[in-house]
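Take a look at this single chain in structure tokens; it is the form predicted on its own.
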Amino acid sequence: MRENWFKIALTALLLADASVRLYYLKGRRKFERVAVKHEKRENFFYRLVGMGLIPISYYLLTPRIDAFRLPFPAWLRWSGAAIIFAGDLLFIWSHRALDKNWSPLLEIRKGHTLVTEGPYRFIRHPMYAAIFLIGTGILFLSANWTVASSYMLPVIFMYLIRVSDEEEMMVEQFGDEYRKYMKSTGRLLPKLNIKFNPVHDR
């Protein structure tokens, strides 16, 4: 019976995540794009991510893959729910900061601006950071390595191939402004601006 509560919690958290994405996808039709890169590859990535959701659906709706469960204690599994919730908040914050500049594809829109506010003040790719947080939370909450792998592996594959192209596109669009921005931010974690003041012997 306890497993059902874990499944209900995961369902609610993933639906919250999906509703944010669907809301901004709906608004995407209102904007005109002026440049796009690797559109066929981008669509393939999203189909791959979609296929990764199939095992999650099996976990949520049937007991068929419960055999792959990991022996996590209840407190660790509920901490997974908290991690997903934190990832959802970062996901929402990132979307709100980008607003009309957001797109699921590698594209530049008419009137595109460089966003350096919100989470973008600290990291260049907070949406990826949010997704990785959510994936970590899924591992703990589901306690199922098949569910976690099906969610994370396509996203990791997409990130490793895509992120450099995304930054290259931004450099092409914003030039030195984006290069300066890159120097002050990390990709997924904030940069630690630690200055060392060595003491010289006299």
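Quick note: we count residues from 1 along the sequence shown, nothing fancier. Predicted model, so just to flag it, every value in this text is computed and none were measured.
Below, we turn to the form predicted in complex with S-adenosyl-L-homocysteine (SAH), even though it does not appear here.
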Legend entry - 4.5 Å heavy atom contact, R96 to S-adenosyl-L-homocysteine (SAH) in the predicted complex: no
Inset, instruction - Answer with yes or no whether S79 is in contact with S-adenosyl-L-homocysteine (SAH) in the predicted complex, where contact means some heavy atom within 4.5 Å. - result: no
Legend entry - Exercise: W102 in contact with S-adenosyl-L-homocysteine (SAH) in the predicted complex, heavy atom 4.5 Å: yes
Legend entry - 4.5 angstroms heavy atom contact with S-adenosyl-L-homocysteine (SAH) in the predicted complex for H38: no
Inset, instruction - Using a 4.5 Å heavy atom cut-off, indicate which stretch of 65-73, 52-60, 139-147, 167-175 touches S-adenosyl-L-homocysteine (SAH) in the predicted complex. - result: 167-175
Inset, instruction - Quick one: name the residues from 125-157 with any non-hydrogen atom within 4.5 angstroms of S-adenosyl-L-homocysteine (SAH) in the predicted complex. - result: H125, P126, M127, Y128
